[in-house]
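For reference, the chain that follows is the form predicted alone, supplied as structure tokens.
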Amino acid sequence: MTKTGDVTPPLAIAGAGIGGLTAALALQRQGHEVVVLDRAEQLSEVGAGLQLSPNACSVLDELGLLGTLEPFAYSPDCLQIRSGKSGDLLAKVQLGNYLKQRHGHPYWVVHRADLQGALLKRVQETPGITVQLGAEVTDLASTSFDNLSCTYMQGGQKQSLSCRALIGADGVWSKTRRLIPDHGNAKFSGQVAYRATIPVEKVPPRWTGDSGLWLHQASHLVHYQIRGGKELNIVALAREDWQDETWSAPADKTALLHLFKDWPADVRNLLALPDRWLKWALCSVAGDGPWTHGHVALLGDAAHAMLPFMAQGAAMAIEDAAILARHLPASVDNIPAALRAYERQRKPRATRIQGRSFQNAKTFHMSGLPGFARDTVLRLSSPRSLSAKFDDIYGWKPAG
């Protein structure tokens, strides 16, 4: 183990999102000191709902977080798939207790801020982890001790941190990714996600209980309860050019309703309920590029940001964190080799699931004869057979 004097330098993580905080906890369990740097002055609610499938919950269980998170989670019995053209029920996918019995861990839907808050609280309670906000990594250099000197800006001042490695968990617009030669930039997919949440008492009962997925030409709709069932999360996705200067922005409800003008009246009535909508440009980062370079590694969206058509973006970041920690025991001497091993193990799975997300983007928005064929297959499928199609994703375990 390389030391500077008698002190072992920490591991540095850029980004205090879900992947970065999970990595901090997992690496501290391996015996490392960890410093988390995030450019935000304070961590606020970003995004809305997300889905924690059994593979992600298996990692959170290892970290002892399921009990903390459970009051904020909701476990739908089924996913109802409907036609956005006719409103007809096409199929159901078994979730809830069925998946818990099948894979040993629950399938939950939560608010992103609740998950991030639970992770942050545990990080702040854990000796050996330091979080520095308002700290943006700007440069990196090797030192004579085979460690790194990480330069970051904080409060308008240039700071430096000696560390053993830098883990880039700083999202789709990662600056750490610039330190990895030949890794591609994020690309806009041509699709936009409109997101809103609304108290469940303000929506008709038909929208509560099971989660919903509605399919239509060039657009689709997802809804599910979060915050222990107290709020309904609504995500409306459609093909649309992006005109705003930033990659997320307040949304015009009138523009959203125009995009969904051909949908059933009850769907349009639901979309009219929230007072406030936000929209995100859906961007991806090709996962087949390099993830590591020397003492630097990427995880989560920084390495392989994927479109939300498999609902696995957060889960993949959580999985990455668990496997990265397994390759970095406290006694590790050759960190670049350990990071390369992490990349070799994780890349095939992440890119395969990213590919399935891209394929779903096409399948969800089919029309004409392809759309008719898709709907026919769904109508002929049983809830459990549809659920079983995700066994390779949901059945993953950190030790597997």
Ligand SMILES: Cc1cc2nc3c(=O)[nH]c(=O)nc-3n(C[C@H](O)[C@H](O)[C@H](O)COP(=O)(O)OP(=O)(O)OC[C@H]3O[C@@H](n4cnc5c(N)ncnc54)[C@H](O)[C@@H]3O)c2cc1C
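Residue indices: 1-based, along the sequence shown. For clarity, every value in this text was computed on a predicted model and none was experimentally measured.
What comes next is about the form predicted in complex with this ligand, which does not appear here.
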(message) Only one of 83 to 91, 295 to 303, 212 to 220, 97 to 105 has heavy atoms within 4.5 Å of this ligand in the predicted bound form; I'd like to know which.
(response) 295 to 303
(request) Please check if K175 has a heavy atom lying within 4.5 Å of any heavy atom of this ligand in the predicted bound form. (result) yes
(request) Would you please decide whether P10 lies within 4.5 angstroms of this ligand in the predicted bound form, comparing each non-hydrogen atom pair? (result) no
(message) Since only the chain is shown here, I'm wondering whether I353 would be in contact with this ligand in the predicted bound form (any heavy atom pair within 4.5 Å).
(response) no
(request) Would you check, heavy atoms only and a 4.5 Å threshold, whether E319 touches this ligand in the predicted bound form? (result) no
(message) I need to confirm a contact call. Of I335, L37, L27, V59, which residue comes within 4.5 Å of this ligand in the predicted bound form, counting heavy atoms only?
(response) L37
(request) Could you check which residue among H183, R122, R112, R227 gets a heavy atom within 4.5 Å of this ligand in the predicted bound form? (result) R112
(request) Could you list the residues in 124 to 139 that come within 4.5 Å of this ligand in the predicted bound form, counting only heavy atoms and keeping sequence order? (result) A135, E136, V137
